[in-house]
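Take a look at this single chain, the form predicted on its own, given in structure tokens.
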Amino acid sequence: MTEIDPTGAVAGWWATAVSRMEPGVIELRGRPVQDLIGTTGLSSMIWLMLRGDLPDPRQAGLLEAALVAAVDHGPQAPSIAIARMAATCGVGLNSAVASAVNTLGDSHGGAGEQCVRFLDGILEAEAAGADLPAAVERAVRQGPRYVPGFGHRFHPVDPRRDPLLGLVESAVQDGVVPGDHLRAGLAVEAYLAAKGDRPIPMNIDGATAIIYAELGFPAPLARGLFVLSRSIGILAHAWEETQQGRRNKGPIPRSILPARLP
């Protein structure tokens, strides 16, 4: 309480455990920022800010692998294309990045969160007494047409799947993570392979969803962490585009005119 806030109501309104700032003092989750500078990597810093403590090296390594894997997928991704178009419209980098990030919704960017929820449901059914294959079959049958985290419109096998799942498998063997979401994800993948004409392997969203869930992040943060990761690629593309000198770049070259609907 101070003279300008005698009841402490204003301070209480803005109370936070994330940070503390006073003249000459900056603390993040109770740790002086000067103790973190030069000693704490960005992945560990993300963990600290979201969770309130620092991860051990293996946990930090898993988190970093997931963040690295989802950084970019080229201008085929709407968010990247929008970043590049926005960058030619006379806006700054912050606006170009914001324009792109604001497209990361349920259809583009939300599959990781959806996959965590999907796998959570399977594990809840298993905990209630269902065997895992039955829980998977019911979840797939009752779930959305496109199982979140599986299949890819460009890649027959997503090249990011194997290295990410390999890291998770190693972490499970060493007791770093429990492995339940990995079990559920592999069971879904096996079920989809058995029931269709062709395999529908896990994609980047499924693999990173497993990592985030195994590390204890709730489903909404799977999307939030994806946004952090993809923002790096968005920034790189927006910056590159600003160096090209183009103005008002549209979604198709000027030489191609859109077809006219009847």
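When you see a residue number, it is the position in the sequence shown, counting from 1. Remember, it's a predicted structure, so these values are computed and weren't measured experimentally.
Although not depicted, the form predicted in complex with another copy of the chain is the subject of the following passage.
Partner contact for D72 in the model of the complex: another copy of the chain, 4.5 angstroms, heavy atom: Yes, D72 sits close enough to another copy of the chain in the model of the complex that at least one of its heavy atoms falls within 4.5 Å.
R84: touches another copy of the chain in the model of the complex, heavy atom cutoff 4.5 angstroms: R84: yes, in contact with another copy of the chain in the model of the complex.
Q59 within 4.5 Å of another copy of the chain in the model of the complex, heavy atoms: No, Q59 stays farther than 4.5 Å from another copy of the chain in the model of the complex.
Partner contact for A190 in the model of the complex: another copy of the chain, 4.5 angstroms, heavy atom: No, no contact at 4.5 Å.
Heavy atom contact within 4.5 Å of another copy of the chain in the model of the complex, the stretch among 182-190, 153-161, 168-176, 130-138: Correct option: 153-161.
Within 230-262, the residues that have a heavy atom no more than 4.5 Å from another copy of the chain in the model of the complex: S231, I232, G233, L235, A236, H237, W239, E240, Q244, R246, R247, N248, K249, G250, P251, I252, P253, R254, S255, I256, L257, P258, A259, R260, L261, P262, in sequence order.
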